[in-house]
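Single chain ahead, by itself, as structure tokens, in the form predicted on its own.
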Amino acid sequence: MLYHFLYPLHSSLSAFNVFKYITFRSIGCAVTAFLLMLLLSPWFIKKLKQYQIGQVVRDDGPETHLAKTGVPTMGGVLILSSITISTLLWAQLTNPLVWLMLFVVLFFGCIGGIDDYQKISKKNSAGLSARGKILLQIFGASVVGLFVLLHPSYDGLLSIPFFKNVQPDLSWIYVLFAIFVIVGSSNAVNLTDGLDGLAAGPIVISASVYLVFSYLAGHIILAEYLQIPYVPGAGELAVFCGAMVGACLGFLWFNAYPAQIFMGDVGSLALGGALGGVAIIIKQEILLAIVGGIFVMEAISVIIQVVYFKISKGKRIFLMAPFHHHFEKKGWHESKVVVRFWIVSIILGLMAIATLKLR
């Protein structure tokens, strides 16, 4: 919005020329989202307490988590609001990719919101059924997959990090692959969101990396030089990623141990879906497994635990899954688990950026 109102004024006052630059607008968007979270969170937390919208803690979890019962949840509503407002303020709104990503983050947020509402209103409810949740996620993800396949600027080629000449053509199967990436990313972030600040930290790192890749993918000269797929208009997704970074940093201010608020499924499902959506749109799908390695490991730990439990008739590999609980069971303090996972996430983010030259 600011781009459309203020940039045309650059002919009269050259200072407004800065609104042309994606880098400036990405930073402005991140700062705006951060300030919105910082200013509105105290009021939002107060309202959540007033309406008794609090965390429902499972009885079979770590005993230390019982103290989290009743802590305000559904903070994702404010995160998504900050992302949406900031993106609308700073992005070029004639770009369809911006609207596609806003659809993804809000649609997946609605799925999570329904899930959270059922858990809170019924207290002991498991929330939205697993089948219902997956079907809704598949529908949302298929919109992105079909857009990419049918849009004239896209193709079914798959970009493989480290290998510049390896680009298998998935053709129509790419839609199924896109669904797998987005739904998988959404649920992986949801599984990771089990400790104070554990999900928000890696999301900040992952979104920062994809901010860089979005900018490069939308710049034809840099994309050709770095030998990554050029995606017309993808640069504007750097602004959207900036909104994710700023909103999650602002959320961390209140979600760091001991948390004053949790994001809930409305936040985790939406943010995970958004990361998957950006990865698909800028054709850096496999890279998500690197930069979002923490999310991948958390999801895999659950799969391994469930499969082994069934095969071995009751035995477990991890003391508890997702495996951040495994370390808690081993005696690690919650904050130690979180910070060490952040460190791993930073290293993975740097490895993802290194793939730009290791081709």
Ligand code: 57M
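All figures in this text were calculated on a predicted structure; none of them were measured in a lab. We number the residues from 1 along the sequence you see.
Another form, the form predicted in complex with the named molecule, is not on view; read the next lines as being about it.
Is every one of Asp193, Asn255 and Ala321 within 4.5 Å of the named molecule in the predicted complex, counting heavy atoms?
The answer is yes: all three residues contact the partner (heavy atom, 4.5 Å cut-off).
To test your reading of this chain, name the stretch in 185-193, 95-103, 160-168, 139-147 whose heavy atoms come within 4.5 Å of the named molecule in the predicted complex.
Only one stretch qualifies here: 185-193.
Using a 4.5 Å heavy atom cut-off, state whether Val31 contacts the named molecule in the predicted complex.
Answer no; every heavy atom of Val31 is more than 4.5 Å from the named molecule in the predicted complex.
Using 4.5 Å between non-hydrogen atoms, is His65 touching the named molecule in the predicted complex?
It does: once the named molecule is placed as it appears in the predicted complex, His65 has a heavy atom within 4.5 Å of it.
Evaluate Lys49 for contact with the named molecule in the predicted complex, applying a 4.5 angstroms cut-off between non-hydrogen atoms, and reply yes or no.
No, Lys49 sits far enough from the named molecule in the predicted complex that none of its heavy atoms falls within 4.5 Å.
State yes or no: in the predicted complex, is some non-hydrogen atom of Met263 no more than 4.5 angstroms from a non-hydrogen atom of the named molecule?
Met263: yes, in contact with the named molecule in the predicted complex.
State the residue from Ser268, Ser214, Ser82, Gln284 whose non-hydrogen atoms include one within 4.5 Å of the named molecule in the predicted complex.
Comparing distances to the named molecule in the predicted complex, the residue within 4.5 Å is Ser268.
Within 4.5 Å of the named molecule in the predicted complex, heavy atoms considered, which of Leu35, Ile300, Ile27, Val57?
By the 4.5 Å criterion, the partner-contacting residue is Val57.
Output the sequence-ordered list of residues from 281-308 with at least one heavy atom within 4.5 Å of the named molecule in the predicted complex.
Val302, Gln305, Val306 sit within 4.5 Å of the partner.
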